[in-house]
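Only one chain is given next, in C-alpha cells, and it is the form predicted alone.
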Amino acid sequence: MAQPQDLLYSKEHEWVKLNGDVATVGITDYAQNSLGDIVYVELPRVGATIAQFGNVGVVESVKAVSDLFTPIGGEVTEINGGLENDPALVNREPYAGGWLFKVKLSDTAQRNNLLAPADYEKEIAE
C-alpha cells in the first residue's frame, strides 16, 4: 500500500493528519502488517496531556505486544471508540477507520520533527 501523501510520519511507524491545530494519529500500513492481526489497542484517555514521542498505550497482536508512541504532543481530545469492539479496524483500514486518537497540538512546530511521505518511504525501504 502506498503511503498517503497528505500525512506526516514518525520513524516508529505512526502517521499524523493535521487539521489546523488538531492531529489525528494512527499506525501505518507497514506497522500493522508487521504486527499481524491486532487483537487489542490501549489508548490514552481523553483529556490526557501527552508528550511528542512519548509512550501512550499498547497495541497487542497475535504475534506481540508493542508500545504505542505518539508522534505529536498535546491534549488528547478524542479516541476511536470503535477499536474497543473491533481492534482489527487498524488492520483493515489503517489510514481511515483504524485511526487511534486525536490531539490538540501543544506546539505546531512539532510537525518539523516528523517525516514527509517520501522520507518515510525511504525509512521503511531500508
Partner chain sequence: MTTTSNDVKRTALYDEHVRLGARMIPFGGFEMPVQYTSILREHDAVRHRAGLFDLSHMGQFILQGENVGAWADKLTVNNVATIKPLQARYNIFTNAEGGAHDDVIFYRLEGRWLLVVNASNAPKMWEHINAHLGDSGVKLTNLHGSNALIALQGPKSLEMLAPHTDVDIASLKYYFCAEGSVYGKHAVIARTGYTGEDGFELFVDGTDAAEIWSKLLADNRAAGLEPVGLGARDVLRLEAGMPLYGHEMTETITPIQAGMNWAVKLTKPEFLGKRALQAQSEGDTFARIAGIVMAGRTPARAGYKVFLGDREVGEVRSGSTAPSLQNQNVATVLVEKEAATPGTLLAVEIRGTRHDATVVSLPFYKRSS
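Residue numbers count along the first chain shown, from 1. As the structure is a prediction and not an experimental result, all values here were calculated from the model.
Omitted here: the form predicted in complex with its partner chain. The next part is about that form.
Residue among A64, V46, A51, A96 with a heavy atom within 4.5 Å of its partner chain in the predicted complex: Contact check passes for A64.
Answer for I79 alone: is it within 4.5 Å of its partner chain in the predicted complex, judged on heavy atom distances? Because no heavy atom of I79 falls inside 4.5 Å of its partner chain in the predicted complex, the answer is no.
Contact with its partner chain in the predicted complex for E60, defined as at least one heavy atom pair within 4.5 Å: yes or no? The answer is yes: E60 has a heavy atom within 4.5 Å of its partner chain.
Is G73 part of the interface with its partner chain in the predicted complex - any heavy atom within 4.5 Å? No, G73 is distant from the partner.
Within 4.5 Å of its partner chain in the predicted complex, all of E12, E121 and E126 (non-hydrogen atom): No, none of the three is in contact.
Residues within stretch 74 to 93 having a non-hydrogen atom within 4.5 Å of its partner chain in the predicted complex: Those in contact are E84, N85, P87.
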